[in-house]
Structure formats: structure tokens, C-alpha cells
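This document opens with one chain alone, in C-alpha cells, the form predicted alone.
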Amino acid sequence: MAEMTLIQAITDTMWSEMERDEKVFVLGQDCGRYGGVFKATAWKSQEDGSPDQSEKMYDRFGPLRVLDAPLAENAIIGGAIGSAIAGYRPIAEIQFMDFIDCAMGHIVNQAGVMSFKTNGSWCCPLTIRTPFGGDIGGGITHSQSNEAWFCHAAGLIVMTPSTVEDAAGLLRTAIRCDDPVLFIEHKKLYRSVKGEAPTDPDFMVPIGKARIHQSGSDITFVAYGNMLIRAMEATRILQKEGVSVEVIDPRTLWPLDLDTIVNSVCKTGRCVVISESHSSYGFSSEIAARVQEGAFWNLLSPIRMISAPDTPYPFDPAMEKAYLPSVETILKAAKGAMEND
């Protein structure tokens, strides 16, 4: 297995699936000739994992399978849904998740409920890829974490990879799934995370199965995206202080692998949930409520939630640093949980 970046694993997986199945195609703003704003639809990797810039995805598959769409999220998703119910497997890219609300009606009222409202006569094998999250200086409209919107919508599967291996396995699962999948990618991780990508062209990660990145016995961390990286940093510091941390990445935000999380908290007795979404009515709130219900009698201290404040995302880099959960705030919450038995 070659070491590559997370964005390269995403590109390679799409490329592989397009070669395997001619019904798979890509569409989105700047996806074609330009190769995408993050170059997700540009070059596949070489043997050493680096991009092979001799041929773009657009050159390999042509303009009918790597479509440049207008700057119109509603049109991108609407066209993708129509293609999906006609038998294709579109991968629609929304350039930034902040603008996905422009296609909310199509995603929630059409794609998500297509199978239900047609009594199973139609399915909607649609994958929507979109970057989310901050820590890149993107400001108010290029940094939000709106994943909770879609976890609340019936019929949608919501995935987010935090490692190269999971990027490949989850995306392949999404593309081959007969139900609509929102595949959200933390843009900070695109080139800051590296790892070995599976060479098996059929490698898939199951829907609704969390990943235990590290086993522990004193406290449970639940985190995903860039917050998983910070949770792991805090874990290494706590380990040096004699605290054993279990770190869980949900991978599939919906359906959620609640059993793995609850079983972990029943073992450790303490839980810290970390995400970039807003603190009120967010994804962290849901996990905290479910853990309280499932592990109440095993809790040794209150569940801690670390999230972004209920304000718009800041422009100023210094404010952005204060806005996002940090390693220091994770450590403070963990130590508070350890002391409050």
C-alpha cells in the first residue's frame, strides 16, 4: 500500500469506481477541466502515492462523465437525482458545504425519501461529496459544520472519513450504495493527513460501524474530522499523565453506531464528545443524550460536550483559533471529568 494524502485517496477511489462501472460519473462546479477547487477530480496517484499529473480525470473519462456544472447547487443536485433514478450512480460535488442549503429541498424532500415515497419502486443511488469545517482561514461562508442538518433528515446516510483508509473504504461504500449518501470531507484533513490506502479495488467500510482508534479504560473521547486529530493529540498528553483514553470515530454519523459508543462509556464511566458543530441542537448534543440514556448507571461524572459556540463563524484568524475546540479545551474537559467522580 502506498502512502498518500486523504484527498488523493478520494480521487483514486472515484477513478477506480468510474473504471469499474460506466454508470458512475462526476458533476459539479469546476470539476471538469479545472479538476476541482481542491483537485479532487484531477489526477489519480502514481505508485508512490503522489499525483500523476500526466492525465486528468476529465481527459480520461471525457466531458460526459466529468461534467462541469454551473454555479447552481440546486441544479447540480436536481440533475444528479434525475440521473440516479434513471439508473446512473452520480457523484455530485458541492464545492463548499456552506452553500448546500441552496439544494436543501432536493436533498431532503426528493433524494432522501425517494424509495419511501415510491414504495421501493425507485431508488436514488446518489453520492454527494462536500467539504466542511474550519481551521483554514476560510471565514464565515467557507468554514461551517452543518452536518446535524442532514443527520436529522430521514432517508439520508451521512459519512465522514478521518483517515486515508476510511476515505477510500467509505467512499466506495457510498458510491455502490442504493440509497443517497452525504459524504462530508473535512477540508483541513485533505493534505494534512497521510496514510496507506488499501490496494483492494473492492475494499469497503460498512455503513453504521464506528472505529475505535485507541482502546482505553478511564475515559471515552468521541470525535470525527479535524477534531479526531485534536482528540488524539490530547490523548497522547493524557497518556503521559497516566490516563487511559478510548478514542472513537463514528465514521458514519447517520446511522450512528451507538452500541460501540455506549459500550465504551459503560466501561470507562466518562465521556467527552468533541465536534465543530454548534453546541446547541448539534451532533454532539445527540450523542450526549443517547449516551446518558444508555450508560446512565455506569457514569462516574457528567458527560462533557466540546463544540463551537452558537455564533457565526469568525473571519479573524485569532478569533477562529478561539472559536474552534482546541487540544487545551479537550484536556480541561477530560481532567474535569476525571476529578468529578
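Not measured: the values here are computed from a predicted model. Heads up: residue numbers just count along the shown sequence, starting at 1.
Missing here is the form predicted in complex with a further copy of the same chain; even so, the following discussion is about that form.
- A heavy atom within 4.5 Å of a further copy of the same chain in the model of the complex is found for exactly one of 135, 249, 98, 246: 98.
- For the residues 256, 237, 262, 229, the 4.5 Å heavy atom test against a further copy of the same chain in the model of the complex is passed only by 256.
- Within 4.5 Å of a further copy of the same chain in the model of the complex, a heavy atom is found for every one of 109, 112 and 144.
- Within 4.5 Å of some heavy atom of a further copy of the same chain in the model of the complex lies at least one heavy atom of residue 314.
- Taking non-hydrogen atoms only, residue 152 approaches a further copy of the same chain to within 4.5 angstroms in the model of the complex.
- When a further copy of the same chain is considered in the model of the complex, residue 204 lies well away from it, no heavy atom lying within 4.5 Å.
- The closest non-hydrogen atom of residue 288 lies within 4.5 Å of a further copy of the same chain in the model of the complex.
- Of the candidate stretches 153 to 161, 238 to 246, 210 to 218, 183 to 191, only 153 to 161 has residues whose heavy atoms lie within 4.5 Å of a further copy of the same chain in the model of the complex.
- Contacts between stretch 290 to 311 and a further copy of the same chain, counted in the model of the complex as any heavy atom lying within 4.5 Å, involve 290, 292, 293, 296, 297, 299, 300, 301, 302, 303, 305, 310, 311, listed in sequence order.
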